[in-house]
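A single chain comes next, written as structure tokens; it is the form predicted alone.
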């Protein structure tokens, strides 16, 4: 089953002493798609990525990336040849110039695409002769992305790729991710920029306190999840709404607001049976769903 996914984990966990950074994580990332990896600071996203890349050994569980076991040193090395990774800190050799590190990196990869590197060099307006240590944070980010995208990887893993980018740079990043995916590359990226994730991702995985709290496609979210606001003559108790599909209920005076997944009509019918004065149904955005899933659990 794990061979059907670009990334697959089963009960993956990582502890640092008594602190459990990742707990029982079950990921299943489909190939050829863009998957956003969401969570608050400290949720365990970066630790998860480091385990996937063999940079950190799991405490419990197992996983595969491109069919290679992450806890096997030999298979992990084979996997990393096929994966491009851009870390949150975008570490690069500061003493090299931009064109030197492009030539240096390209020499390691038979599938290196010089035309992609050249196109991105122009699009990102990177100064060829400038040393990396003299680049701005945003330029270092763009250079790291260029080195990843020009490799012809099967999988790109990006940890907070938009850090340091201005709005134009973010647009360029999202476009490059979409182009990579269209060419058959799987893209897996963590981000705090929920609006950007909603624009470009096919699927999302959400973590909170080391656990996976939600995994779904954006199409599924748009089709199934709804915000329902019902106003009553007098506020009915929440116990009256024991209806499958309700994720949360908020009360404000005579209004009850529901976040629902599933049978919206049954919830609306229940509200009307309880003499609701008005019932409004609206789609749910990724931001609202994220805030619901990571609230104090």
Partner chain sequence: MFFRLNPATGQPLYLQLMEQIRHATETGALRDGDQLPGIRTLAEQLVVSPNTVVRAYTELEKEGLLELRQGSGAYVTLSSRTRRRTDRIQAARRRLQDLIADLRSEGLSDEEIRRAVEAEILYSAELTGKR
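Given the structure is predicted, the values throughout are model-derived calculations rather than measurements. Numbering follows the first chain given and starts at 1.
Beyond the structure shown, there is the form predicted in complex with the partner chain, which is absent from this document and is the topic of what follows.
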item: Contact residue in the predicted bound form, chosen from 209, 215, 222, 192 - any heavy atom within 4.5 Å of the partner chain; value: 222
item: Proximity to the partner chain in the predicted bound form, single hit among 118, 183, 71, 163 (heavy atom within 4.5 Å); value: 183
item: Answer range among 267-275, 254-262, 25-33, 62-70 for contact with the partner chain, defined in the predicted bound form as heavy atoms within 4.5 Å; value: 25-33
item: Partner proximity in the predicted bound form: residue 75 to the partner chain, non-hydrogen atom cutoff 4.5 Å; value: no
item: 4.5 Å heavy atom contact, residue 135 and the partner chain in the predicted bound form; value: no
item: Close approach of residue 198 to the partner chain in the predicted bound form, 4.5 Å, heavy atom; value: yes
item: 4.5 Å heavy atom contact, residue 155 and the partner chain in the predicted bound form; value: no
item: Contact at 178, 202 and 226 by the partner chain in the predicted bound form, all three, heavy atom at most 4.5 Å; value: yes
